[in-house]
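The chain below stands alone and is given in structure tokens; this is the form predicted on its own.
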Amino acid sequence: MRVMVIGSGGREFAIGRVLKQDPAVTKLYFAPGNGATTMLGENVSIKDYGELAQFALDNAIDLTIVGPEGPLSEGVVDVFKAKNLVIFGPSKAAAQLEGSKVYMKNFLAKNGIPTARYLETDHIGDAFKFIESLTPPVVVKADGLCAGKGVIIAMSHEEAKVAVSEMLSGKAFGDAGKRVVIEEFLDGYELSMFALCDGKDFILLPAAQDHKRLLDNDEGPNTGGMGAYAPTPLVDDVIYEKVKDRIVRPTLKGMQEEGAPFEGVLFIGLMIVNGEPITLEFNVRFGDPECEILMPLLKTPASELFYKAATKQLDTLNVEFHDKFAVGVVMASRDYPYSNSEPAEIVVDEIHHSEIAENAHIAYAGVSAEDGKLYATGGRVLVCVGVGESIKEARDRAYMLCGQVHYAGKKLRTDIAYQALR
């Protein structure tokens, strides 16, 4: 099987890594990939989706997997399907579940899917009035795509009003913030769940927990994610069944009724409040860094999983996962998330310890290659992933690997998976 992965981050590296280990995969492409994906396959620098689909045809690519939300919202799946190519991901119409927070919240309400009380508006007076009706903290979200940064948790009414004013004026997120969603704050614990869907059937993956804040103890600004672990012991079979019955099945049914059957990854951001799963948001792709920890737990060949999901055959697949835990620690650049940093050479010590060599690995993200060397090029640079029989063992291995990686200005949290270990 010849496979192409669209994207350039750690998520795409992680998908590529498990495909590289899959005996069924004979050739692997990345479009555009990053400085490290050439360790796994061949990078393709074609930006136009029509040209990329033609490349897939010309090179007899059997399966394309889309990683990031941008190409999905721009309709890359529709372009490929118009040429009868097999591609994993939602259509442009279905990708609105992430592309528009307003569409998503209204969809949840229409289909009776549990979510927080909310108002969607572009009118500042209505927004201020609704803010006053809530008890802080107040959640303010930009409608459009903001690379994971368009959510503000305001600790006071005043702070919420400032956030709304900056979004609606275009100052905060440009056009993506010209319409906003204001929500009540839910008090519970957050989880990430991922359902692989083929329009009708689905497979729910082990629940993960992400760490959004930049600093230890969940302090500092929100980021794209500084680490994650899975499966989390905070979820039992009862919660999994509630998520399937109350969220995933009504979503697949609702999207069929919208004329936009959902195929691809449904990423459910959940708040568990008194044992009840409440939907915070949908995304239409794997989370990053959650993808980096879920892929090594997959026992079923990745090519089979993605191909059957992309060809509406999930009902014929029995998916298996390793009975293990994975922890991923993000290493970021010096100035993340405030600004870009100067490129810095990455040096990885030779790994002599067999425990680390066999049970930990790096998923590269914000890196470039030059003269055989890798450079950190800003943002989230890489994820050190450890796998073990327990969360503690997996975490210890991930941090041991972090100690082997060096570049100027490296930044990381030291408490990933603390929720499960305290």
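All values derive from a computational prediction rather than experimental measurement. Residue positions are given as counts along the sequence shown, with the first one as 1.
The following text describes the form predicted together with adenosine monophosphate, which does not appear among the structures shown.
Taking the partner as it appears in the predicted bound form, which of 68-76, 337-345, 179-187, 254-262 has residues with heavy atoms within 4.5 Å of adenosine monophosphate?
Result for this chain: 179-187.
Using a 4.5 Å cut on heavy atoms, which of 304, 201, 281, 159 is close to adenosine monophosphate in the predicted bound form?
So the residue touching adenosine monophosphate in the predicted bound form, by this definition, is 281.
Considering non-hydrogen atoms and a 4.5 Å limit, which listed residue (151, 113, 272, 119) is close to adenosine monophosphate in the predicted bound form?
Answer to the contact question: 151.
Considering only heavy atoms, tell me if residue 298 and adenosine monophosphate come within 4.5 Å of each other in the predicted bound form.
Heavy-atom contact with adenosine monophosphate at 4.5 Å: absent for residue 298.
Would residue 212 show up as a contact with adenosine monophosphate in the predicted bound form if we use heavy atoms at 4.5 Å?
Contact check for residue 212: yes, within 4.5 Å of adenosine monophosphate in the predicted bound form.
Given that adenosine monophosphate is not shown alongside this chain, does residue 139 nevertheless sit within 4.5 Å of it in the predicted bound form, heavy atom to heavy atom?
Yes, residue 139 is a contact residue.
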